[in-house]
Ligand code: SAH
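Next up is one chain by itself, shown in structure tokens, the form predicted alone.
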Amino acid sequence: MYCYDNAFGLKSNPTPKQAKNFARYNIIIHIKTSLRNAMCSVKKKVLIKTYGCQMNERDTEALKVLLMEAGFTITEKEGDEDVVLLNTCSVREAAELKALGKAGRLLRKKKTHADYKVGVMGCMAAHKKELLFKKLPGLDFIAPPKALHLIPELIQQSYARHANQVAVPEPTFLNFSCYERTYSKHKAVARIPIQQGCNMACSYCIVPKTRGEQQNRPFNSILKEVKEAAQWGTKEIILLGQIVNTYHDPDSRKNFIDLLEAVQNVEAIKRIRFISPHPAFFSSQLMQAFKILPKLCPSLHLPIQSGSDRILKAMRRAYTKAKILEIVKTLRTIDMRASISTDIIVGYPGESEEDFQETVALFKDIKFDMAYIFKYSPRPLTWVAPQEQSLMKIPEKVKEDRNQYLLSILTQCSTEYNRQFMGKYQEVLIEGKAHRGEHKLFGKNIYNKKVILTGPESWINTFKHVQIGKVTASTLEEKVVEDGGTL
């Protein structure tokens, strides 16, 4: 029997090593006991600022529910809060610097508001704890990703002790149950975490250091969240994991294909997507799932990182360009319109002009319609980081030029891809209000293309058949909406 302690995410019948780790949490057990009755006595407004990936966004959603259950109030308006939490990302240096800058500005408020609290959670909190307290001396508390469920009590501890620099020890396992009750009505799309951490050793990636080894969520826990989302009216599910296609249930032999089939069988769910898979673990069964599962959308995020086999080997990515082309060919045989997006790193240490041109050629061949293109930045504790200081370092000007060149190709490919929808009707799941324009809404078609249309808010979380009248590199815009298209 594989189960989790409600407080700490620890296995029952722990090994000696796990028992030793458990002893470290005595202080937290004490906090739980002493603050239980006071939990709702400190009614503070909490603001959460989120940086980085969809997993961080999902953690923020879950934490909001945990905080409300503990008696806190959630605010979305900066300046109205008593407590601010920065949910941080460490994948890129720019994201870390942005969060550090924001924390520094927020901490100034403590000079005039004695009870104001600032905390850091997420990936930066996992590997820069001491550095954060040193750089941000007024910081109140730090919580790594696997301590998500302990944050409400950590805030209470900060107030009870009238002190800052409180850090929670990182649990051995994430308590996935904190994701099981976090839905509100009219939520069109639900992001469902199925994993935590990663067992790969990609030379540039810090995720194994910040989120730990891969931990697969129990199959029944995932389905419980999916079904609850469906009950609240959700129409689309996005399965989240660092390498989702390696998922397997810790209690049985059920794998990722079994999970896709189980979600397919939840009647109220109309669409399924997943991110991020690893190209090395694409099986023929997974590719056939796009053919035999009607709800699995023909849109795939395929993080290739580079089009050069030499650089892929240096990155320890465990696949070649041929594997990438095989996946793309198979998917586009199933649906010729299939949308394929990617992640690419330019300026990896030692990347020659020939290596870069191989990436360019692959990009043009596949014609990615969306891509996240990053200039390599060294991450501490990663294998390749020291090489950035050697003769293998790529000059910043070269990185920028390569980045801009790929972005220009992306614009061409995206525009060309979107033109195929001009004048055509598309079924669009409307997700919410658009950022600009009166009465403007946005949604997605099955190919994950953003569609802007005009209509009342009552259309949110419904399907509409929309004729496309304008396209850009990033969006489709409606010409006609058929009211009869509501599902």
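Residues carry their position along the shown sequence, with the first being 1. Just so it is clear, the structure is predicted and the values come from calculations on it, not from any experiment.
Same protein, other form: the form predicted together with this ligand, not shown, and the subject of what follows.
Just to confirm, residue 317 within 4.5 Å of this ligand in the model of the complex by heavy atoms?
The answer is yes: residue 317 has a heavy atom within 4.5 Å of this ligand.
Consider residue 91 of the chain shown here, and say whether it contacts this ligand in the model of the complex, taking contact as heavy atoms within 4.5 Å.
So residue 91 counts as contacting this ligand.
I'd like to know if residue 305 sits close to this ligand in the model of the complex, meaning any non-hydrogen atom pair within 4.5 angstroms.
Yes, contact at 4.5 Å.
I'd like to know whether residue 375 contacts this ligand in the model of the complex, with contact meaning heavy atoms within 4.5 angstroms.
Contact with this ligand, yes.
Specify the contacting stretch among 407 to 415, 337 to 345, 136 to 144, 165 to 173, defined as having any heavy atom within 4.5 Å of this ligand in the model of the complex.
Careful reading of the contacts points to 337 to 345.
Only one of 242, 234, 158, 216 comes within 4.5 Å of this ligand in the model of the complex by heavy atoms, so just point that one out.
That would be 242.
Would you kindly say which of 379, 402, 149, 273 lies with a heavy atom within 4.5 Å of this ligand in the model of the complex?
After the contact test, the surviving option is 379.
Counting only heavy atoms, which residues in 191 to 205 are within 4.5 Å of this ligand in the model of the complex?
Going through 191 to 205 in order - heavy atoms within 4.5 Å of this ligand in the model of the complex - the hits are 204, 205.
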